[in-house]
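Okay, here we've got a single chain as structure tokens, the form predicted on its own, with questions on binding and movement later.
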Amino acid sequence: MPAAERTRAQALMALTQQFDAAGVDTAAEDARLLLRAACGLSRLDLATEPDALLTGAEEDRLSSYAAQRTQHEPVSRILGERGFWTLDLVVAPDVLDPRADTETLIETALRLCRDTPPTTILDLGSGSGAIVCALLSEWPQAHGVAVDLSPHACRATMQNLRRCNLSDRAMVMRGRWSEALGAGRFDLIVSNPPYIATGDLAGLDPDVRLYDPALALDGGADGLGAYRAIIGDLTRLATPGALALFEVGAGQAGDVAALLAAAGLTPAGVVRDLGGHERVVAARHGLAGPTGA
């Protein structure tokens, strides 16, 4: 059967089988997303008109998408965007692709700052800008500063701030963590730093290892290098009672909490993501504000 004579249902089945054979864990879901994108379909369109035939142009787009996904390029990178929190963000080359697990940090910030929302937010290692964009979208009175060493990440953060109509409330700076920042300015400090131990990089899923930049992944010999660099400077940056939130990797919550305590911050809890993994470590500068996460 010529490719142009396939129905949507036939194309979906073939694509799912192709992704399964390539070792894609989310074969059926990814096939559905890419078919919808190639054909410009809504969920309802695909569900109610499965026997509609693909056009030649749709087949060409789908073939291109399929070739990329079988090389383990993530769907978000193929399509150039990802939903995060309530936002649609650009996913740029050479910049960390934001994950749903990071939304745990947003939820934690909103809960712990419910009574006293921050007016100044610092995002260290902003990457795509997902965190600072989500937080500013929730707190219209707040202003943010996003810092990243990567010029690609700085551009992506600026692009997503513009996309979300938040540029007038944020500044993007290129630099190594907080080196270029003044003291005592921020009510909320957040970071999703690189936390993979160098020796573990080669064993990462190819979707991550092949497409996310090493600068955003490599946390040094024990995965904690970035935390040490950031936490050692937190008290200089934080206003009294400021909240600090860090995303952490598997088995790192206790070590990061200990680093925060050693720097003189008050523990404010460890929060698990939807998968049950310890994902966010919270602490406060001083005793002001709630201490339970």
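Each residue number is its position in the shown sequence, starting from 1. Note that this is a predicted model, so its numbers are computed, not measured.
There is another form of the same protein, the form predicted in complex with a small molecule; it is not shown, and what comes next is about it.
Each of 96, 175 and 193 comes within 4.5 Å of the small molecule in the predicted complex, counting any heavy atom. Proximity to the small molecule in the predicted complex, defined as a heavy atom within 4.5 Å, singles out one entry of 216, 134, 161, 75, which is 216. With the partner removed from view, the residue among 201, 180, 149, 171 that has a non-hydrogen atom within 4.5 Å of the small molecule in the predicted complex turns out to be 149.
Partner contacts here mean any heavy atom within 4.5 Å of the small molecule in the predicted complex, and among 112 to 120, 202 to 210, 162 to 170, 149 to 157 they occur only in 149 to 157. Not displayed here, the small molecule is kept clear of residue 223 by more than 4.5 Å at the level of heavy atoms in the predicted complex. Under a 4.5 angstroms non-hydrogen atom cutoff, the small molecule in the predicted complex has residue 125 among its neighbouring residues.
In the predicted complex, none of the heavy atoms of residue 104 sits within 4.5 Å of a heavy atom of the small molecule.
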